[in-house]
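So here's one chain in two forms, each on its own in structure tokens, numbered structure 1 and structure 2.
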Structure 1
């Protein structure tokens, strides 16, 4: 088990280092921050002083080496726009995104297990056909389109839901609803397929023959044995929720890590952008590692492989 964990952690570390390199150089392609932070009529001396103060006058490889040295000391740099350590706004925004993703994932898992299990109990029936159609639509419809249509319908036309903010429970309905559709659709299909296989197994047929109720057959004998494949997809979707929050938070003005990234790109605030992506990637890698460990606990063949 220890070798398995170390191997997965090493793969994650290599991917994280590659991401650090990629983000650093791609961020510089957005342009020179001097053009945003200084007026158009700024003199050459003022521009040079700004570049020297923030290290932009150094060659790009020298800047990258300085960034790596600072990162090794857990120094993520200073925010140009906010004039404070870049990690501070990131640590302030990331819990907001985590809460949004957590609420969405709990709802997606709960609803998908119920809907997928009931659909699998009567495959080919009316409920199964409706659930399959809606789950496919939910999994394939773009998040940004649903978000815009939701604002037009519920906020502009009906005026019943706010378009942005996090002040009340009403502010959560559209962001959670938009983020919920894709994982709910995918997980419902996975639960349905896994449950059909489990419900056709010999021990379930034996339980039915002994007079077990449909509820007991589904949620006692079926769900417990179908969760192995569901856990894997649920882990991937949990990580995808954090990535998908970038679009949803931007549309709904949600003060999370996604909105912070977009603003950092617009402001060419390299330190905040790099810190945001690094913290998000680290959280996803840790999440995937925990899921791999849980999966290997449930199926010892994974560890042996």
Structure 2
């Protein structure tokens, strides 16, 4: 068990390292921040001084090595634009996105288990077909468009929801609703498919034969076993959720990590970009580890193997 977990962790760590290398060099290919940061008429000496101060005049490999050394000391470098350690805006923005993602994921999991289970109980029935159609609709709707249409309807026409910003509970409704769309549709399909498999299995038939009620069959015998495939897919959804968060935070003006990354790329603020990507990747890494643990708890065969 421990060996299995260690192996998985090691694999993810290698992936994480590869990502750090990739982002470092890709970001430096995007162009020289000197041109963007200094005024057009800056003298050659000024440019030289700027490049020296931030180490841009060194060869790339030297820059990379000092980046790694700093990283080992938990120093993520200085933000070019904000004149403070790059990790500060990242740590400020991360909880915003994390809260948004957590609320969305909990809602998506709960709703999908309920809807998917009920749909699986009568496959081909009216409820099942409506649920399937709606979940496909969720997967087909462009999130940025539905966000805009939401603003148009709820904010401009009806005037009951705020267009952007954070603060009250009202600010949460539209962002969470938009972000929920895709994971909910996908997870409902997964729960439904897994549940149909479970409900046809011998042990559920036994439980039914012994007189268990439909509710007991679904929520006691079914959900626990259907959860296996749900958890795997939910893990893949974590990375996808960050995609959605970038869009949602842009449209609704949330000061989250997605917004921060977009701005960092636009401003060539390498340190902030690297720090935010590292923190995000770390979060996904931890979540995958948690999923592996949950998985092995639910399925004893993995622990043995």
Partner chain sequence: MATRLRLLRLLRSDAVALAAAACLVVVVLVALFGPMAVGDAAGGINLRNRNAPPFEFTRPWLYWLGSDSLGRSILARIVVAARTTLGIALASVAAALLVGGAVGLVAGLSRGRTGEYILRGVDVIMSFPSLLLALIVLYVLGPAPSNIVIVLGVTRLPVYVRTARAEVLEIRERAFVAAAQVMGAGPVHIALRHVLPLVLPTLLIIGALDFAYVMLAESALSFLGIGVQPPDITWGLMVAEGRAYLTAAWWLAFWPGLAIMMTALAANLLAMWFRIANDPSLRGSLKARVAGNG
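Numbering follows the first chain given and starts at 1. The term rigid core refers to the maximal set of C-alpha atoms that superpose within 1.5 Å between the two forms. For clarity, every value in this text was computed on a predicted model and none was experimentally measured.
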query	finding
Pair member that is the form predicted in complex with the partner chain	2
Rotational displacement of the minor rigid part between the two structures [degrees]	10
Following rigid core superposition, Cα shift of residue 151 between the two structures in Å	3.1
